[in-house]
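Presented as structure tokens, the chain that follows is alone, the form predicted alone.
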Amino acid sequence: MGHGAPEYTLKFGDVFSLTFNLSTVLMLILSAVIVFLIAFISTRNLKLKPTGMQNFMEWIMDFVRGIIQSNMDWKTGGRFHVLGITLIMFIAVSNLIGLPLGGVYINHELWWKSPTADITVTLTLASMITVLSSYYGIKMHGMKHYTGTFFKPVSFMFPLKIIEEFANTLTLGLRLYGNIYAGEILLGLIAGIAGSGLVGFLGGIIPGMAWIGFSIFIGFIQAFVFTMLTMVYLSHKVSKDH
């Protein structure tokens, strides 16, 4: 441990400043580029009988469609299909991108990691979902209906509904962050043991390989869970029976 993160601080006078984690920014951009390339390669030469990458992309589309239909009718939820596909692909890639190299340090600064191992990223994604679900709740049913849901079934439920909104945002972001961050910390410890010498290498190589396999599984599961909960929250806002 004992390694820092590459940071850049943008100052606005002597009062306000913003600090950016350059590693997180770099890995977010790289994850977005990978997702774009997967989508581009999968759809650049569409065939009536899908094969290869097109077949993979159509499987993802059907999988996300199933997630949506398990929470709301397709007439309502179909508009969130692209959102679901984007989320599950981007989060899966972001979860897994830190595994291949196990961390790259330059001048004792960590440059290669999963961006979802940064709490700022996961809470931002969760906040985005909260704002988006509220936006569609208002857009589809009006402000009066939306605000009325905070007072149902009885008016004194309002404080609890507000707490629920914050709790949903926190749990959505912290769940993703905790799983990915803990996985990378443990992988770093195993890598440290494996690099300590021949005995450490022999003792760490098998647990390391097993943990990488488990981390890949967790990365996909967390992408699925985040996407599923996103559709659950959207369903609560856009479905009149909630």
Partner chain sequence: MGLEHFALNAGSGLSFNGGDILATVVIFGILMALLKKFAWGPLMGIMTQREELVSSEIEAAEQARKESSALLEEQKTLLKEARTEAQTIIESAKKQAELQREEIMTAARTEATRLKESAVREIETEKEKAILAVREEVVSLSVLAASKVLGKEISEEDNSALIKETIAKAGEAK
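Positions refer to the first chain, counted from 1. Keep in mind the model is a prediction, meaning the values are calculated, not measured.
Not on display, but discussed next: the form predicted in complex with the partner chain.
Check your understanding: in the model of the complex, do Ala32, Leu48 and Leu110 all put a heavy atom within 4.5 Å of the partner chain?
Key -> All of them do, each having a heavy atom within 4.5 Å of the partner.
Exercise for review: Indicate whether Ser70 is a 4.5 Å heavy atom neighbour of the partner chain in the model of the complex.
Suggested key: Because no heavy atom of Ser70 falls inside 4.5 Å of the partner chain in the model of the complex, the answer is no.
**Study point:** Partner proximity in the model of the complex: Phe36 to the partner chain, non-hydrogen atom cutoff 4.5 Å
**Key:** Because a heavy atom of Phe36 falls inside 4.5 Å of the partner chain in the model of the complex, the answer is yes.
Review point. In the model of the complex, does Val131 have a heavy atom within 4.5 Å of the partner chain?
Key: Because no heavy atom of Val131 falls inside 4.5 Å of the partner chain in the model of the complex, the answer is no.
Review point. Would Ile221 count as touching the partner chain in the model of the complex under a 4.5 Å heavy atom rule?
Key: No - in the model of the complex, heavy atoms of Ile221 and the partner chain never come within 4.5 Å of each other.
Practice item. Counting only non-hydrogen atoms and a 4.5 Å cut-off, give the residues of 32-65 close to the partner chain in the model of the complex. Key: Counting only heavy atoms within 4.5 Å of the partner chain in the model of the complex, the contacting residues of 32-65 are Ala32, Val35, Phe36, Ala39, Phe40, Thr43, Arg44, Leu46, Lys47, Leu48, Pro50, Gln54, Met57, Glu58, Met61, Asp62, Arg65.
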